[in-house]
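For reference, the chain that follows is the form predicted on its own, supplied as structure tokens.
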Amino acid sequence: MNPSLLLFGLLGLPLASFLLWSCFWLLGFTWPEKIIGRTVKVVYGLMFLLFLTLCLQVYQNPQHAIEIRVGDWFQLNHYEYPLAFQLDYITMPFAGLTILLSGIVASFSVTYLHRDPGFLRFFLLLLLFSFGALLVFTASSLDLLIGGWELVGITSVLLIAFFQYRPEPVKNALKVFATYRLADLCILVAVFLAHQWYGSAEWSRFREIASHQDGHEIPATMFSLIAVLLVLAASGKSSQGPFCGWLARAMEGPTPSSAIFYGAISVHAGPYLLLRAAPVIHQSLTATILLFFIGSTTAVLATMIQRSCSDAKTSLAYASQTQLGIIFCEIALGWHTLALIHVVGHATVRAMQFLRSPSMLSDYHRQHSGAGGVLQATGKHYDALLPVKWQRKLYCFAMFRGFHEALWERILWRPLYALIRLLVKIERAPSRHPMKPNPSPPPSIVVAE
């Protein structure tokens, strides 16, 4: 079968399902949960069959890679924005994880969200997320990747605010959205500079420039600037470095969305971007050192915070940040195959842990009872490495989450809120010379005859 048809079917199934159910929803049609659940399961089952057929097509190709070019989105003079897709050894694991784990989460959510008012809304967002994630992982250029990147981001924010009748999820969703905007600005500037300096933002063009196949010498400053911007964009999506505070806030959403977004797929879009842009990043020593520094410092900080968390989902969120930091370090060191294997293993295990988190306390009590009421404390070998005074200081540091939230509150949020209040005050202030109202006409005098 033609790989183009298989790929378009793979991308079109979740998008068509989302559009169809959205139209029914807007028209006021209500469907039983059983029909919605079975339809979503059928969609993901068909997607998995199409994916397996597509994997066979890629494997039978001599280069073990397929590039599908449909045309151009937009073309003006020498600017071209291609509509092209790429299937290779990097794309297929990420796409397979998206389909498989999204299907498992969808099956789990049918029971988890039973009789919830937002039952249909959750599955609409899950289908839209699946389309956006597949678009990210199959895009052959940064231009097309941005479309899926934004869909993944907006569905993530909407699912954090899923329980919109409570103020805290909405507040955290807005903060996550603001953090996404700061990180996404980096990838937009990187695409603009790639078109200005390289003439294209396609991955193949990045490889040609990095290997000097076209004979053009690109200044090191250009490599460094684009590579640093892509590293910051990936850090924002994966909650690393200066953006490491938003992942714990995202736990306000339902447990299934936490599993698929912040344990499995969404947070691993950052490592995917780094693996694609690795030829450019490794040409810049500054970007490589920055990538290793962000990954290593986040891994250490998240490990400390994770050991002081009292709830399961927040602890798993910081554990995810630790593993993502290690993956960043592996990519910085050039261990791309190891990083890819690490992503697949971590996404699978973490998604299952998030889905099991509501039952974690019951499992602990069962284990505690089975051990006769005595469980050995963990981490005692770490206590012997530091004196008690430093242990207490590090514990306080971890309890306050590295003072990261307080620092961002003082540097970013307070000035931003003050600016918003000032603008609102100026907007509502009365004018110095208000227009005088037209005087009402004098009352007419009626003389009775």
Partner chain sequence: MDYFDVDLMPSSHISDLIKLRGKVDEARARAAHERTRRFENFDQRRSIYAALRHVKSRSVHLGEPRPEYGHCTNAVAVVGRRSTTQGLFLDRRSFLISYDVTNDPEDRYLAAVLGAVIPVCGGINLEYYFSTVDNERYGCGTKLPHNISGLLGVMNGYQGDLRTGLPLQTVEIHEPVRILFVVESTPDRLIKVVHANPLLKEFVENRWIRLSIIRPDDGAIQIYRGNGSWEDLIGDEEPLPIASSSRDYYFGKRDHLPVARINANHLMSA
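Since we're looking at a predicted model, the values are computed, not measured. Numbering follows the first chain given and starts at 1.
As for the form predicted in complex with the partner chain, it is not shown, yet the points below apply to it.
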Checklist entry - Should the three residues Phe8, Phe51 and His64 be counted as contacting the partner chain in the model of the complex, with contact defined as a heavy atom within 4.5 Å for each? => result no
Next on the checklist: If the cut-off is 4.5 angstroms on heavy atoms, which of these, Gly96, Pro279, Pro242, Pro358, is the one near the partner chain in the model of the complex?
Outcome noted: Pro358
Checklist outcome for this item: Contact with the partner chain in the model of the complex, heavy atom within 4.5 Å, among Phe292, Tyr112, Trp335, Trp197 goes to Tyr112
Item to check | 4.5 angstroms heavy atom contact with the partner chain in the model of the complex for Gly153 | outcome: no
Next on the checklist: Given that the partner chain is not shown alongside this chain, does Pro254 nevertheless sit within 4.5 Å of it in the model of the complex, heavy atom to heavy atom?
Outcome noted: yes
Checklist entry - Thr314: heavy atom within 4.5 Å of the partner chain in the model of the complex? => result yes
Item to check | Distance check, Glu405 to the partner chain in the model of the complex, heavy atom within 4.5 Å | outcome: yes
Item to check | Among 132 to 140, 254 to 262, 319 to 327, 337 to 345, the region lying within 4.5 Å of the partner chain in the model of the complex by heavy atom distance | outcome: 254 to 262
Checklist entry - From first to last in sequence, which residues of 163 to 182 have any non-hydrogen atom within 4.5 angstroms of the partner chain in the model of the complex? => result Phe163, Tyr165, Arg166, Asn172
